[in-house]
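The chain below stands alone and is given in structure tokens; this is the form predicted alone.
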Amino acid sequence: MRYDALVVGGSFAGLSAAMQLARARKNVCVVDAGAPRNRFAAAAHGFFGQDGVPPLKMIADARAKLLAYPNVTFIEGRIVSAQADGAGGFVASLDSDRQLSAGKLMLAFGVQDGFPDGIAGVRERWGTSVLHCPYCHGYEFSGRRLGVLIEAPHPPDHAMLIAEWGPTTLFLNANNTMDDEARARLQARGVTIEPGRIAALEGAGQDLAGIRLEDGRIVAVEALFMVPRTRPSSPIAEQLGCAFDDGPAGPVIRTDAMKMTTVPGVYAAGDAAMPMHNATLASADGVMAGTAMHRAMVFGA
């Protein structure tokens, strides 16, 4: 069977895109590997009408609603390769060796987070007390002792933002390249600057109680915000020849205003195609991409 659209990734962006295409009565296949980026978080916050709901429940509910449409197919698996089929469409191979054919592709596979080397305890606390987005998780730590770890090339301004939620310490992790102007702005905001190198995170289970430095000192911190380096969760955008731009956290698939990549017929949405990462924005990006793809099917593109 040749689908009208193949959506690679079934999280916030992919399911939102697929819903638009399903309601446009197109035959849609969604392939998802079952590892959404926000699976480590106990609850999502700031999402319209879904504040406090676990992300995995939101995804499961959205998938169930999507599968109520008879023209939607869902496949659990991973797309390992994709290429043009020479007939104006695409063929994609799953990790099960099964092949799928579609007229257009939607890349919504998201990104993977990279963590700093040599700091014990970061990965285990990711999504619980080591966090990325203050708008998603800052309120739950209001007034508590907060830390910020920003590695080059990110500017230290993120620490000024985090200070909105509580007393903040910026950990330079022995990267002493901050200029005097930036240091003065941080200090004016009440941000404490800790130049020492971090050895490990301390605390019971996934909780964070403090950050141990290499010199043995422990700085009391209950949540650590960081900007991890990201990379696409799938190689197929590169295989297809899609162009990338340098985003603030990692490479971003280049798209036009209608979410089409530099490869005709291939669209992209969500964290892999946006410089700013947020579940609400990913869902909205998927809506835009899905409607744009349908319009291209009607008007040609």
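Residues carry their position along the shown sequence, with the first being 1. Computed from a predicted model, the values in this text were never measured in an experiment.
The discussion below concerns the form predicted together with a small molecule, not included here.
Contact of His132 with the small molecule in the predicted bound form (heavy atom, 4.5 Å) = Taking the distances in the predicted bound form, the answer for His132 is yes, it comes within 4.5 Å of the small molecule.
Distance check, His158 to the small molecule in the predicted bound form, heavy atom within 4.5 Å = Taking the distances in the predicted bound form, the answer for His158 is no, it never comes within 4.5 Å of the small molecule.
Are any of the heavy atoms in Gln20 no more than 4.5 Å from a heavy atom of the small molecule in the predicted bound form?
-> Output for Gln20 is no: heavy atoms all beyond 4.5 Å of the small molecule.
Using the partner position in the predicted bound form, report whether Leu240 sits within 4.5 Å of the small molecule, counting heavy atoms only.
-> Result no; Leu240 lies far from the small molecule in the predicted bound form.
When the small molecule is placed as it is in the predicted bound form, which of 258 to 266, 242 to 250, 65 to 73, 271 to 279 ends up with heavy atoms within 4.5 Å of it?
-> In the other structure, the partner sits against 271 to 279.
Interface residue in the predicted bound form among Leu186, Met226, Ala92, Cys136, criterion: non-hydrogen atom within 4.5 angstroms of the small molecule = Among Leu186, Met226, Ala92, Cys136, a heavy atom within 4.5 Å of the small molecule in the predicted bound form occurs only for Cys136.
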